[in-house]
Each structure stands twice: as C-alpha cells, then as structure tokens.
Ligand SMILES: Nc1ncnc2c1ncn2[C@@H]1O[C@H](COP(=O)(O)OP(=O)(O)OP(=O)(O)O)[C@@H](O)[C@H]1O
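Next comes just one chain, in structure tokens: the form predicted on its own.
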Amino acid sequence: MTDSLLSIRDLTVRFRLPQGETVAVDGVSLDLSPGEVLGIVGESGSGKSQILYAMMGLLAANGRASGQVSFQGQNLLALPPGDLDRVRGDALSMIFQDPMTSLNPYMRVGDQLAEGLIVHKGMAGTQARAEAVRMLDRVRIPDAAARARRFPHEFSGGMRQRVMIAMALLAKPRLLLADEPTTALDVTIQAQVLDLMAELGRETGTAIILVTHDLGVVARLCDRVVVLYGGRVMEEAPAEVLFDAPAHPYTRGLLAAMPRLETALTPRLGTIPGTPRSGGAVTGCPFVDRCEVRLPRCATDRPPLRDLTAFGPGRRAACHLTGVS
C-alpha cells in the first residue's frame, strides 16, 4: 500500500525459556491505511497480542523483536526508550484487555486521563482535566464531571472499558491498538463499546488494529482481517470477502465453529481437530497437524503468502492448495 500509515515487515518475536527459545510471531508482514480498521484473529497462543506488545515496546523481559515496524517514518523497534515514550500515548495508543489492571487504582479517573495531556500535549492541569471530562462525556459516562473524581474500583467493567477508550483517544492518536477490548463484557455492553470505538474512530480519523478471537466482533467492526496461526499469517482479506469465501483451511475451520442463526439447518458447530499450536520453530505449515486436506509437502515446505488478487482484491493466503491452477 502506497498510503500506509503502518508498515510491518518480517516481524518476529522470540522468547527465551528454560527449555530454549520459542517463536511467538514468525515473520509477519502487513500494512494499515489511515482510518482503516484491521482485525487480527486466531486462537489463543497464535501470537496476536505479541504483535501489539512488540509495537509498543511492552514485551516481557525475556522477549525480543526483530524486523521492521514503520510508523510515521520511524521504525518503532529501533527507537530509544525516550523517543518511544513520546510516540506512545500521543500518535500511538493502546486499549488493554483488562481495564482494572491497566488503570492506576490510587489515582482518580479524571487525573489519569489528564496526565496524558499534560505529558504529551503540554496542557495546564486545569485545561487537561476539563478536556478529560469532555472526553468522558463523549464516551457516554453519565455525570462525567462527578465521575472524573472517582477511583477505578467505583466503576463497572463496561464503564472502566469506556474510560480506557477515552484515555486512548484523548490525544487524538493516528493509530489505536485494541487487545481483546470486549472479552470481559456482556454482549450488550460489548456492542455498545464496539459501536463507540467505530464512531470515535470515524470522527477522529484514527486507524484501529483490533486483536480478538471473536469473529462476530470482527464482522461488526473491521474493514480487513488478518488470520494468524502459530505466529504466521494464514490469510488476509477484506472482511466481507473473508466471511463469504475463506481461502485457507484454518479460516474455514474458524468460521465453521462460529455460531450462526441457521442452527436448524446446521445443529452442530464445526470443530478443528487437535489443539492450537503455540510457539516453536516450524519447517512447513504450522497448521499441518490439524489440517484435514494436508499434502505430504505441507510438513516440510513452508507455504508462501500468495497474492490472490485474481480471486478478489486485497487477498493473500499461505496454503499449497490455494491460488494454484
């Protein structure tokens, strides 16, 4: 993409463990345009969240990232800590999975929001707190001025997640990273939070990367989808295309396991045999042990991520059976 806001090339994340080194993200490359919403999906352990943590410089102490993550002309992986701090919370923000562990329990909510504006935008305290209240009101926190003086434990789970969205969007970032932002919420609150993210993203022009295992969330919010397994990209496609005609056996398995309204016609959900792969070097396709259409070469030859534009715009898949006449 020539107009990419974010360009990731050959991102690899490794962790040192007592039994040796393990690979969590294995050569991932992707692009993101301004204002676009990209979903990264896959089962637990597929490496989804580690992509975001690598971008933010938040990997665990035993982890290291290589490759290139180009954002606004800078390689985030090569930035000194001080320069990366100036990017985080300003042009780049993140919503974490559990807002209770992401918010400081000893600070009032309004002060936590205002702190980012004081640090990154140089606002005076009074102005920053007023702006924080306005943002809390925008994310539909009732009686925002009063609630800004409360502590995180005085908010419900849905309200805390709204606070996290307000905090992430307060500085009007170019890119918002969302790591399973609705996992702990009931379906009603989940829908409200997703709609709010989409609305504010459109208003501010913020691009979003949404990491999730929930394909229903992807269908509701995302323009494009990357399917990850064993740390590798299995498939990439516009959301509507992927749901209508998945190209990779793993994607087809995920969609078959997704609950649908027509349960009278298909009373049993589909399943993918075996257990998800997590970490470790793989010579061939990481999905080979669970794939029901595998070929002998799948165990030894790594399938390239082929361009499938002939089958639809913006499509790629890593399968020896896909895109070959």
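No experiment lies behind these values; they were computed from the predicted model shown. Residue numbers here begin at 1 and follow the sequence given.
Separately, the form predicted together with the ligand exists; it is not shown, and the next lines address it.
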(message) Under a 4.5 Å heavy atom criterion, is S44 part of the interface with the ligand in the predicted complex?
(response) yes
(message) Within 4.5 Å, heavy atoms only: does T12 come near the ligand in the predicted complex?
(response) no
(request) Please check if D90 has a heavy atom lying within 4.5 Å of any heavy atom of the ligand in the predicted complex. (result) no
(request) Although the ligand is absent from this view, report whether S33 comes within 4.5 Å of it in the predicted complex, heavy atoms only. (result) no
(request) Pick the stretch from 64 to 72, 49 to 57, 282 to 290, 296 to 304 whose residues have a heavy atom within 4.5 Å of the ligand in the predicted complex. (result) 49 to 57
(message) What I'd like checked is whether L17, E180 and H213 together line the ligand in the predicted complex, meaning each has a non-hydrogen atom within 4.5 Å of it.
(response) yes
